[in-house]
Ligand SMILES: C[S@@+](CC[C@H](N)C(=O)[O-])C[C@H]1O[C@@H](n2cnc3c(N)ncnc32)[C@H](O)[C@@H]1O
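Starting off, we have a lone chain in the form predicted alone, written out as structure tokens.
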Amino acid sequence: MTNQERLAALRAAAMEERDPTCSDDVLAVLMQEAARVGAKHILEIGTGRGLTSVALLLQSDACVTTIERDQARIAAARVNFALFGVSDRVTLLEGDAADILPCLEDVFDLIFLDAAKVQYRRFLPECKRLLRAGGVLCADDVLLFSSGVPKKRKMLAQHIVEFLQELQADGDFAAAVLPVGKGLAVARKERAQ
């Protein structure tokens, strides 16, 4: 079994178990954007089982810094990084992104935001600070409630709307929402802060 076949099987299993991993069409956009900007330093907020990072690492010689707070997902990600031989190019930061992001000083070419949607707006200033001019921020699941908002999810839906409004109103970004997966915001940082 090739690495790509093994990765496809693991991604399918994660989706079947409803464990967070981005859809195939979202992954395709991420990989295109990473190639387009020549990404060498990638930040992923929400590691899950590490399968998105693995896919990005298998297609390039980039390094990934990824943040996860769930211990079971951290353990699974470490196994997957070792399985695919990419552990030496991954820095897995354990804890809450709200605590970790302000401490980061690296500059990233691509940032993939796929964590708790209610936190997207809170994370946006740090993502902007950490993204190089010309780099790209991709935020997953921004059209999560495009077919209607369940009563229990009204506040979450409002947080996503506010995140998108803030992102699209920021003159330092050129942002679009792509109809892939459950909506992917793709924002190129036009200039340094």
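Just count from 1 along the sequence shown to find any residue number. Remember, it's a predicted structure, so these values are computed and weren't measured experimentally.
Just so you know, the form predicted together with the ligand exists too; it's not on screen, but the next bit is about it.
- The partner is absent here; in the predicted bound form, the one residue of Cys127, Leu51, Val136, Val64 having a heavy atom within 4.5 Å of the ligand is Leu51.
- Looking at Leu104, you'd find every heavy atom of it more than 4.5 angstroms from the ligand in the predicted bound form.
- When the ligand is considered in the predicted bound form, Arg121 lies well away from it, no heavy atom lying within 4.5 Å.
- The ligand in the predicted bound form is approached by Asp70, whose closest heavy atom lies within 4.5 angstroms of it.
- Ala97 belongs to the set of residues with a heavy atom inside 4.5 Å of the ligand in the predicted bound form.
- Shown without its partner, the chain has Glu44, Gly46, Thr47, Gly48 in segment 23-48 as residues with a non-hydrogen atom within 4.5 angstroms of the ligand in the predicted bound form.
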